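The structure tokens that follow cover one protein chain in two forms, given apart as structure 1 and structure 2.
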Structure 1
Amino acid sequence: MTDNVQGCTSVAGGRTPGATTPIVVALDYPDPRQALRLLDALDGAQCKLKIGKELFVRGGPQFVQQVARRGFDVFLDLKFHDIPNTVAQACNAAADLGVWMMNVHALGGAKMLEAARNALDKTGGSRPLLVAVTVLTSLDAHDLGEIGLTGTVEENVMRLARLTHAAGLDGVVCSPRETALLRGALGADFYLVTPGIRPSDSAADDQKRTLAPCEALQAGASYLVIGRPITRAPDPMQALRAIQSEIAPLLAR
């Protein structure tokens, strides 16, 4: 594990040109009011924000729009997985909320992935980024076998990431431990969005295979999704600043 800035030597992964930060804070709060309290201390140059199912169901599309209007890039993490037409319409609706990034499940298949991408292409202008989840990190090889997927988790991740790439999506969500492999196989322009990030001084919580922010960037991550190390810190702003300082030498290169 990299535990100091001396360990930060180079970045292998790309990000949106002109992007100011690779940090995406996961707003995993049960109540939109709690999330808004954190937002009051932040601005969009410091981090991007991920809104997942719990907060979306509680706060609704209005909450997403409210956050986007405050100048934050919003990653809407709803992991759509349905028939192609339904997913395409859902992506359209999400784009209307002004989000920066959204996601679908690669297991929905090539037709669904292409329908989602085509729907966003039709929105014109600077459409939201579209990334796919390959294999949920909660699944192991035994779980995959039960649903009829043979091979190792890594083989399934690679196959689904290639399918996502071929369908013209912008990237995948992946575990930090898969990042180097995917970066090597899929090239510099494919976004790798990695949760499971733990600064060297934080608890792992329920994450089993973590990397430090510098390590993940060096392995080729484009964006780092970080929740509890920031949102549950006694001083979230201080925790965010510490991570920013930790990765600053890498981003300056």
Structure 2
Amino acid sequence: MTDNVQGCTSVAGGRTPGATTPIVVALDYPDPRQALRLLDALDGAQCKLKIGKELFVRGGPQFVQQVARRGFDVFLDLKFHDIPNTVAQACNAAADLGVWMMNVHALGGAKMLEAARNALDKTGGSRPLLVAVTVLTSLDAHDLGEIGLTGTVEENVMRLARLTHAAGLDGVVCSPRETALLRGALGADFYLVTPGIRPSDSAADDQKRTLAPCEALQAGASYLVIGRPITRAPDPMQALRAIQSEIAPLLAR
């Protein structure tokens, strides 16, 4: 039996067991003060938060620590991509900030991925999750060809995801349109973090490979990164609650 709530059926698609709220709000603000105003209306049980490059550069490590002290799980989205030792040290520094998850870029190669994982394994205790970016959701097959990557988007995503899995990382960042493919190939315990989530009434903006929240969860996504549909909505809290209501039947299973 399925219950239909706002077009979302209760047939789950392999969401990673043990995950709490799957919504990760991307703090797409140029000013830390704007981000903090949004945080005033949230708590850590409602959503997790993603801090990307612009906000990190403007707010610095102190801002990340401030957000974490408020009880939010922080996904530090800096996409480390450098020589193995440099990335390992950067991961160590990020772990010291108390983040819940961080990422590197899979195009850095196996040695870089393994160095990042090893660095976090040595931190002891409960280390942050480490995921790798596969192919940015702003890219399509034409874009990949321009930078010399052969094959389809899906082939490139799968190759990089397998590399990440073999290196012992916790998961990957991928388009929701590749989620079902990766879930089937890499198993239920591999985290799939999916940006490019757009409610059906939202514009795609600069994302080219998008899905609605329910579709992404049914395909096997672990976490849904949602930015502008929430942060730029006239009422961000109302937008978040609408998405929560939409996906509630899936999470109840």
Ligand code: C5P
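Rigid core (definition): largest C-alpha set, two forms, superposition within 1.5 Å. Residue positions are counted from 1 along structure 1's sequence. Owing to the predicted nature of the structure, the values given are computational and were not obtained by experimental measurement.
Source of structure 1: the form predicted together with cytidine-5'-monophosphate.
With the core held fixed between structures 1 and 2, residue 163 has its Cα displaced by under 2 Å.
Comparing the forms between structures 1 and 2 on their rigid core, the Cα displacement of residue 181 stays under 2 Å. Annotation: Cα of residue 149 displaced by at least 2 Å between structures 1 and 2, core superposition.
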